[in-house]
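A single chain comes next, written as structure tokens; it is the form predicted alone.
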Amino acid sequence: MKIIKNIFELNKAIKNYKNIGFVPTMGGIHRGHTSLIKTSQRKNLKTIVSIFVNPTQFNKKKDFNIYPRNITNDIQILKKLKVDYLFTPNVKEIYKKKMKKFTLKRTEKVLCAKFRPGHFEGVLDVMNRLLSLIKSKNVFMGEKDFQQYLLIKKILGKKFKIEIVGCPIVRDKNKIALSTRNKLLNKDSVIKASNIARKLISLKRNSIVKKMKMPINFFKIKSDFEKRYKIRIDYLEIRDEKNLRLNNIKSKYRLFIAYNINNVRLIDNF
């Protein structure tokens, strides 16, 4: 595996490859990332992984500072996976060029975009920069961050005329969606997060089987969860898979949740 730290080395290494798969990450490589990498390797001749903790997508500096990082461990995992290239630029390298900023439409400011102002603008900015450097044919992204995947597919997939491939959520045996942030959870929080995931999986399954005609009382479910598990829920909503419009189980939909548990913010969808 070739480790690349700057744009000059990047251009030199991948300039002759037209069929290259790209897996963007912020490190803390886990089985979810592994799934993305293996999908890329099946579809492309070469695969490049980036590790870059992007400061512009964090709402709080403290959150950025405590984000789990272990580059040595990440490199070991990626070598075992036989990744072709690892791109690990610093902030100065990524942001040294001025580029057009992104703004979201009013209709797009839902879910995390509503509760984390500026977050997706930062995500789109850094992904725009990475994609302008790594001219990949396919980009592989996990569906745990479903809103992020949809926005990048809609805006940057169209701009660069590339395929943004959404890959299924990978869950631990306790049903928690794998995330680098999970490393910040203590044992009690893991148990609570597991119970929440199991209950929402069951709610989604029952709503499909019963084809519920009456709206689900999310206000009551949200209140019960907050009291029982001592968490703060930002949102718990059913939205259409294609456009994230509010959905009352009339078409293909997902159940979305974001909540804070012991100062760790988790998101999931089912």
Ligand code: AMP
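Not measured: the values here are computed from a predicted model. Sequential numbering from 1, following the sequence displayed.
What comes next is about the form predicted in complex with the named molecule, which does not appear here.
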{"property": "Contact test in the model of the complex: P89 vs the named molecule, heavy atoms, 4.5 Å", "result": "no"}
{"property": "Distance check, K222 to the named molecule in the model of the complex, heavy atom within 4.5 Å", "result": "no"}
{"property": "Contact label in the model of the complex: D145 to the named molecule, heavy atom within 4.5 Å", "result": "yes"}
{"property": "4.5 angstroms heavy atom contact with the named molecule in the model of the complex for K46", "result": "no"}
{"property": "Listed residue that, although the named molecule is not shown, lies within 4.5 Å of it in the model of the complex (heavy atoms), from V170, I71, L133, I155", "result": "V170"}
{"property": "Option touching the named molecule, based on a heavy atom within 4.5 Å in the model of the complex, out of I196, M141, L78, L150", "result": "M141"}
{"property": "Stretch in contact, per heavy atom within 4.5 angstroms of the named molecule in the model of the complex, of 188-196, 171-179, 78-86, 93-101", "result": "171-179"}
{"property": "Stretch 66-80 - residues with a heavy atom within 4.5 Å of the named molecule in the model of the complex", "result": "Y67"}
